[in-house]
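The chain below stands alone, shown as structure tokens; this is the form predicted alone.
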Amino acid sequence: MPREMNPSKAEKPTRQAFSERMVEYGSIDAEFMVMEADIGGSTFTNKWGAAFPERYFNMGIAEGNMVSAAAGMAADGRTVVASSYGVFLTMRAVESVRTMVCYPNLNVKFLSSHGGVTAAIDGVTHQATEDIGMVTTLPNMQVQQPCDTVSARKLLDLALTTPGPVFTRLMRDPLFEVYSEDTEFRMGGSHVLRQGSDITIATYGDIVFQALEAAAELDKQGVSAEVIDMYCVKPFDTEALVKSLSKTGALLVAENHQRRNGLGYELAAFCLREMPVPFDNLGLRDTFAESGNYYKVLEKYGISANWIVTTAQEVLAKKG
């Protein structure tokens, strides 16, 4: 189960843990293929290439062609991972993702690295801050993001055993570990990492750790915040959300993405239909970020623990 509020320092990034688990899985499924868009050293798919060279294809800097080729192999009955940075998978290749993979509902799994501003020092060209909005809009696509190495490995298994296209959003750098090896994950699931009664903080990926830090600070201020890791962004866990909001009656969503068309918009629309509560969401405010220290970028663009604390208090003021 999750180690509530007690993250430990991570030694490797989620992109590495995901790819290393792929190598292990290669011995389980002899038909499993991996395709790469010339950045195997960064996504760590080169580890797969070393172990299974006959099942590894570097398609060069041609993401659309890579996805189309992956679709062809998947149409022949194989499960295929197509790997690149998120900004390229969802910008350069989105037409192929939509028409070649999602439309026929094929078993292509996307290893999408450098999600959000976790690629902080690489700058705007490598920061995928619109990707969630793009892939969650595609019919048949399911979307998930691990926050640590345990969840990265588990979500690789989940992606490979879930029919149809699955997009897994991964991070550039190691942050923290929060899950234990016996934690179970499911498509459409989530985990409550901290119980609370005053406000629900829903988040995913790297912002899980900002939310936990914020919840600890809010506790000092007399506010009991419940933190949910919505590791499955699409479909999101409606049951867990309703259960939490039935307790807290207030919702704050924090995500490393544009505020527009992210998880916050989805949860806001759900709450308007099903159970209106005081609400706000944190993310990039219709702006690009910039190159710089990861934590300073989070602070400047409004998705740090400090911003979560301040905004949570504002939401609670609406609650009265």
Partner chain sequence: MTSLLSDKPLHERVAYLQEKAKEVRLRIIEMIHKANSGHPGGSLSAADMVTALYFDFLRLDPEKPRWADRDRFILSKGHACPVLYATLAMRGYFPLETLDTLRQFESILQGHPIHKTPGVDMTTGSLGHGLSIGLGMALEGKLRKADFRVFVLLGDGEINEGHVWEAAMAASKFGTDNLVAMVDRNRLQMDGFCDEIMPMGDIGAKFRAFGWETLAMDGHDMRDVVLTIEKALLVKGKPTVIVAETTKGRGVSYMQDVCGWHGRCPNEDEFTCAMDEIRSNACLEK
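Positions refer to the first chain, counted from 1. Owing to the predicted nature of the structure, the values given are computational and were not obtained by experimental measurement.
As for the form predicted in complex with the partner chain, it is not shown, yet the points below apply to it.
- For the three residues M59, T99 and Y103, a heavy atom within 4.5 Å of the partner chain turns up in the predicted complex in every case.
- Residue heavy atoms within 4.5 Å of the partner chain in the predicted complex occur in exactly one stretch of 222 to 230, 153 to 161, 181 to 189, 76 to 84, and that stretch is 76 to 84.
- Not displayed here, the partner chain is approached by G72 to within 4.5 Å at the level of heavy atoms in the predicted complex.
- Interface membership of G49, defined by any non-hydrogen atom within 4.5 Å of the partner chain in the predicted complex, is ruled out.
- Within 4.5 Å of some heavy atom of the partner chain in the predicted complex lies at least one heavy atom of G64.
- The partner chain is not drawn, but in the predicted complex it has a heavy atom within 4.5 Å of M33.
- This chain is drawn without the partner chain; in the predicted complex, the residue among S42, S291, S68, N261 with a heavy atom within 4.5 Å of it is S68.
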